[in-house]
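We begin with a single chain expressed as structure tokens, specifically the form predicted on its own.
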Amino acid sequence: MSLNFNRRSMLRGLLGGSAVCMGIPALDIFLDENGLAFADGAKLPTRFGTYFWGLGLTDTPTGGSRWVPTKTGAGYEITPELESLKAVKNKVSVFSGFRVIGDGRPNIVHWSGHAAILSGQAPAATNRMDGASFDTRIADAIGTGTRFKSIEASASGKVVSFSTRTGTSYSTPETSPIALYTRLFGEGFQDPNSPVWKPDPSIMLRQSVLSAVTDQRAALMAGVGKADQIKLDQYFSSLRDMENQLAIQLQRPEKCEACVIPASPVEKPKAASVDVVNSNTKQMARLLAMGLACNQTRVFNMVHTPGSSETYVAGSSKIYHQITHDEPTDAKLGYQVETSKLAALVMQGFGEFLNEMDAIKEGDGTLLDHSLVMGFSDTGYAKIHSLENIPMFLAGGANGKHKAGQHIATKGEPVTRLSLTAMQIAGAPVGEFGVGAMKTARPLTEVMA
């Protein structure tokens, strides 16, 4: 008997007089001869994530830098504060010289930088953005076929997230490795490689309850004013997302070769010392990476520390934020020595995060090869809260779409050019991004394959 199935085929039949259907996992017969794509030409999924840390990296009053390579293009050198990226250097592109253009708006310290990178416009008020963060556009494009549209995590233990659809309310992050493990692999998780599977009755009930109020939703929308319609549309959009996620959980998950359910992490006391935050980052990276490999989500947002970072070196009497302002520039070396040491420790967290993703073998490469991670901070020179030369990075191969291992240097180009580039590489159908002087339709094609 000949088979005429493809990756979208469903097994259909009757059960107790009712029609039933069942999805088919990603079998080898659906892949091309190299195992890099489906036989019908569709690529294996690209994942996307943001990684944020506060207080930038170390610039100097005379225009020098402890992080910017001197060489541009491919083969850039590893600078002191990029030492932690050495193992994955060829998979990381460095972007220097980019800035936030305020269009007359003030520099809101520890907010304007990353708010502008994410929303495309310098904000008018602290803790608010003038629009959605761009990660939500990517989640709408690539995150609808997984259990979670996106996952947020905060390694410092603080409830900090910059992912927003409204500009005023933000996604709630998991603030400890235990909490992240429970979210990804606790109740509701279905092992994609288990031979035993059946739909969860509680999920079926929740989906039925949501579906039952469809008519009432429409009636309510028709009977309220414009302002309430906007609020209801946002609310119902979240419900629709929930319905979609529940529907996904009622389908047998596709097998994932790289998926290995991790052991539950050990709960540790919360502390803001940089060694604890980095330890949390490494554990969360491992959990997030396996969550991606197990197809629980394709989009994540990781916050290492808030903009006004309160991390400190164990035994020190000052926090990182205070040190960046109080420490004088060393007259001989030309930079803030303690600040630079802390910056290198903070970047260690980013390096270990990427290393954890690169350690998971998947298909023809690693999870990092099939992902795009955008790392960025809130400021260039923290001592003066500069919005120029904000450190930004793209890491991972994005399934061959990112020409990694380059240093792209500019003189005052808007940060939105990199945001637009990230969106287009990750697969969001976006032609331009930003507002006013930061509006751009020019991605950085040098790093786009």
Partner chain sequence: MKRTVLKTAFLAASLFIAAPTLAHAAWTKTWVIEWFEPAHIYGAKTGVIDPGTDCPAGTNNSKPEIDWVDVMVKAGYTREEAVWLRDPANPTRSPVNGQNQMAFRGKDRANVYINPTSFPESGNFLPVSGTQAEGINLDGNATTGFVSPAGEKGIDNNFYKALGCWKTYRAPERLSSGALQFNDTMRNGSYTLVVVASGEGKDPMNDPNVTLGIYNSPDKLVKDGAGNISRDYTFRIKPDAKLEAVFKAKSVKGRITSTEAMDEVWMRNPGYDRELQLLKARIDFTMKEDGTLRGYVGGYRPWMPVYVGWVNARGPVIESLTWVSLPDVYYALQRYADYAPTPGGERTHISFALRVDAIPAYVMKPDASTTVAAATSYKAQAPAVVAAVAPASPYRAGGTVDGIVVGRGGAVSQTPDQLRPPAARIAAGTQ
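Just so we're clear, the structure is a prediction, and the values are computed from it rather than from any experiment. Residue numbers count along the first chain shown, from 1.
Below: the form predicted together with its partner chain, not depicted.
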Query raised in the report: Quick one: is His407 in contact with its partner chain in the predicted complex, heavy atoms, 4.5 Å cut-off?
Result: no
Query - Close approach of Lys282 to its partner chain in the predicted complex, 4.5 Å, heavy atom - result: no
Report task. Indicate whether Thr62 is a 4.5 Å heavy atom neighbour of its partner chain in the predicted complex. Result -> yes
Query - Interface membership of Glu187, its partner chain in the predicted complex, 4.5 Å heavy atom rule - result: no
Query raised in the report: Looking at 354-362, 320-328, 261-269, 175-183, which one sits within 4.5 Å of its partner chain in the predicted complex if you count heavy atoms only?
Result: 320-328
Query - Contact residue in the predicted complex, from Tyr312, Tyr76, Tyr170, Phe148 (heavy atom within 4.5 Å of its partner chain) - result: Tyr312
Query raised in the report: Quick one: of Ser316, Asn193, Asn127, Asn90, which gets a non-hydrogen atom within 4.5 angstroms of its partner chain in the predicted complex?
Result: Ser316
Query raised in the report: Looking at its partner chain in the predicted complex, which residues in 82-100 have at least one heavy atom within 4.5 Å of it?
Result: Arg99
